[in-house]
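Next up: a single chain in structure tokens, the form predicted on its own.
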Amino acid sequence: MIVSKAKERQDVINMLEGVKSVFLLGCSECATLCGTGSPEALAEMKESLESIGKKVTGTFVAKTGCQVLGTKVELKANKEEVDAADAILVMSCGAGTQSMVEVFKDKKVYPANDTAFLGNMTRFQHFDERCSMCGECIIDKTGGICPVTTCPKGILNGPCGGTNNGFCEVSPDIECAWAKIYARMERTGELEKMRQIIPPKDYSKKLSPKVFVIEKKKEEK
């Protein structure tokens, strides 16, 4: 899931300088789980903005904020409220904000959140980063654990000389990724794989911007 955190409220207020009316848009998926785009978060933002004299013309929590066409269709029911606003304040990730830029080409669109990383939710509203979306997954060679992300040095063939009793030299709070990889591969009977040298990654696959289109295969007649 995409992990987002709310901007400081004063930063949002500064962003909206000169804007008299705002429509608030949240997201029912990632941003709701992060508490940054839920109905409760929108209600809190509405109250905060109205307390300083801003008019909130309406609020809506989209099913999936980053889905351009789906959100556009959903918002047809809120057309008058959106039209009445000087700007749209999007309470989701950066992708959701940019979806609204595409949908409302002549409307000011602002982000209420900062997008942090692709994360795993280990318990309610506790997140950690395990995937860097590098475009070339190698975790079949590392016991299903990504050293590119979970090792602060991104070492592909570890551990380094700084590991100490299973923890990283960067911080005593960080478990050594390669110690975890070793322990897991020992449990699953795959330690022999650690003798294989993982070649340097092709980071050209991570270059931005990316476009990916899934094409349907033609059925053979």
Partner chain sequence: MKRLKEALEAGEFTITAECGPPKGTDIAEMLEHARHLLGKINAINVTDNQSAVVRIGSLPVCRLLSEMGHDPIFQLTCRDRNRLAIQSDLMGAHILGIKNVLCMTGDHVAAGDHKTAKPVYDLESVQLLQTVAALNGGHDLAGNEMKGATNLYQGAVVTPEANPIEPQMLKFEKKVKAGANFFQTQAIYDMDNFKRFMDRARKYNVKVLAGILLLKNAGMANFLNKFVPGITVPQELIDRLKAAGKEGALECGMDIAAEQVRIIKEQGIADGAHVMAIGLENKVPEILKRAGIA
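As the structure is a prediction and not an experimental result, all values here were calculated from the model. Positions refer to the first chain, counted from 1.
The next section is about a form of this same protein that is not shown, the form predicted in complex with the partner chain.
For the three marked residues, 18, 39 and 51, no heavy atom of any sits within 4.5 Å of the partner chain in the model of the complex.
Using a 4.5 angstroms limit between non-hydrogen atoms, residue 184 is distant from the partner chain in the model of the complex.
Remark: residue 58 does not count among the residues lining the partner chain in the model of the complex, judged by a heavy atom distance of 4.5 Å or less. At a distance threshold of 4.5 angstroms between non-hydrogen atoms, residue 209 is out of contact with the partner chain in the model of the complex. The partner chain is not shown here, and in the model of the complex it never comes within 4.5 Å of any heavy atom of residue 9. Across the options 43-51, 66-74, 29-37, 156-164, residues that bring heavy atoms within 4.5 Å of the partner chain in the model of the complex belong to 156-164.
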